[in-house]
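Presented as structure tokens, the chain that follows is alone, the form predicted alone.
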Amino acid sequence: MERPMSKECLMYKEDFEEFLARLIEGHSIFCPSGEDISPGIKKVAGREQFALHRGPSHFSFKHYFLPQTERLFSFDMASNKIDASNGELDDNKLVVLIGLRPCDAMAIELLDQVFLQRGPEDVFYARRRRRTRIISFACSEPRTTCFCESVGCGPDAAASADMVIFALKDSYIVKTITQCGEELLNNTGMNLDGVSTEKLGEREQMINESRDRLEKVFTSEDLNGKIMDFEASYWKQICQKCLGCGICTYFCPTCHCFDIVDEVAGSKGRRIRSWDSCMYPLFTLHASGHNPRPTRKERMRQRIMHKFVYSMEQYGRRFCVGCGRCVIHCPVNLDLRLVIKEIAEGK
């Protein structure tokens, strides 16, 4: 996307509510639903439904671009017909994702590399991505499990965002990042003031305080060389607690492995794409019965290596954004930050 000179405006609380109302009028708006019985990503029908989290939301916005289960097409072998229609994807209405934190916005940038920039485009991902605008919120209160600065992100990172909003005590600073973001703001017809030096200072203080809360748990130098030892004893130690449940990969905003199956009844059927996980024994099971990753040791090693080594070789980026969801949701408290420390220390 073309990136113009960034533009910054000031919004007060009543301005922001009006901004939301005008966005809802002409766009499909999605935001985090809140940490309730069924947390997820929801479509916003009214401005009162907008939920702003203090830190990363329960689920990432990967769910929007890469649904957990998705019908690719249906077919009828009797009539040799294929139906690839999709009501959601066939709707050309502009979609706005709002409420992402910088780590989730950066995760989308990484998924773009997988589904758009290497080899043939994934048509389903591409159609969602190209009609979507992203409004992220700078992180003012990172959780104790956040470690974004250790992996090249940060509380004010603007990766993949068209617009970044900084929530201050009584107002918001709105910063457009791309041409699409500037058009989105202009199309609302909002008449906004410039940002005063005082407000800029308040923003700088907020970001600095956020950075102070983020522990620098490891650096790139910690991993260089040491993680490449396939037979190191720490791999066996690290996997001892792991249940192999795959919850870390399902909550991760950058994990993107999937399986494809055909569900058939009689002459009719449909092809389904569903999330999969490298932590499952069947993930690499060959038709011959051989499995190159027969135990949790190999599967844990694969997950860590994919995040921090193989992704660097393929894309020049580490596929971890430090959101901490894998730390929060692991049922046996297997902490990725401690895993990396153990590897760095060669334990």
Partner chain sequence: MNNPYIPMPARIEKITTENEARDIKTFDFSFVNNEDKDGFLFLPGQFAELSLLGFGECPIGIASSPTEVGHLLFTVKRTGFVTKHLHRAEVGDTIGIRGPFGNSYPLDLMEGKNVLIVGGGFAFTTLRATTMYMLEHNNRGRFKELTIVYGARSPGELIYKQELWDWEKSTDLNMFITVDKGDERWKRREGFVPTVLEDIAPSSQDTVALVCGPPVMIKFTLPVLQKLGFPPERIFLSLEMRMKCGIGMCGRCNIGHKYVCVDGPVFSCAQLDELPQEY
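Residue numbers count along the first chain shown, from 1. Since this is a predicted model, take the numbers as computed values, not measurements. For the two forms, the rigid core is made up of the largest set of C-alpha atoms that agree within 1.5 Å on superposition.
What comes next is about the form predicted together with the partner chain, which does not appear here.
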query	finding
Candidate site N187, M190 and R317: all three near the partner chain in the model of the complex by heavy atom within 4.5 Å	no
Candidate from D276, E109, D156, E149 lying within 4.5 Å of the partner chain in the model of the complex - any heavy atom	D276
Contacting member of K175, R271, R129, R203, with respect to the partner chain in the model of the complex [4.5 Å, heavy atom]	R271
Interface stretch in the model of the complex with the partner chain - options 192-200, 156-164, 98-106, 118-126, non-hydrogen atom within 4.5 Å	118-126
Exercise: D170 in contact with the partner chain in the model of the complex, heavy atom 4.5 Å	no
Touches the partner chain in the model of the complex: L285 (any heavy atom, 4.5 Å)	yes
is_contact(H256, the partner chain) in the model of the complex, heavy atom dist at most 4.5 Å	yes
Touches the partner chain in the model of the complex: C180 (any heavy atom, 4.5 Å)	no
Heavy atom within 4.5 Å of the partner chain in the model of the complex - qualifying residues of 306-321	H306, Y310, E313, Q314, Y315
Threshold 2 Å Cα movement between the shown form and the other one for G266, core superposed	yes
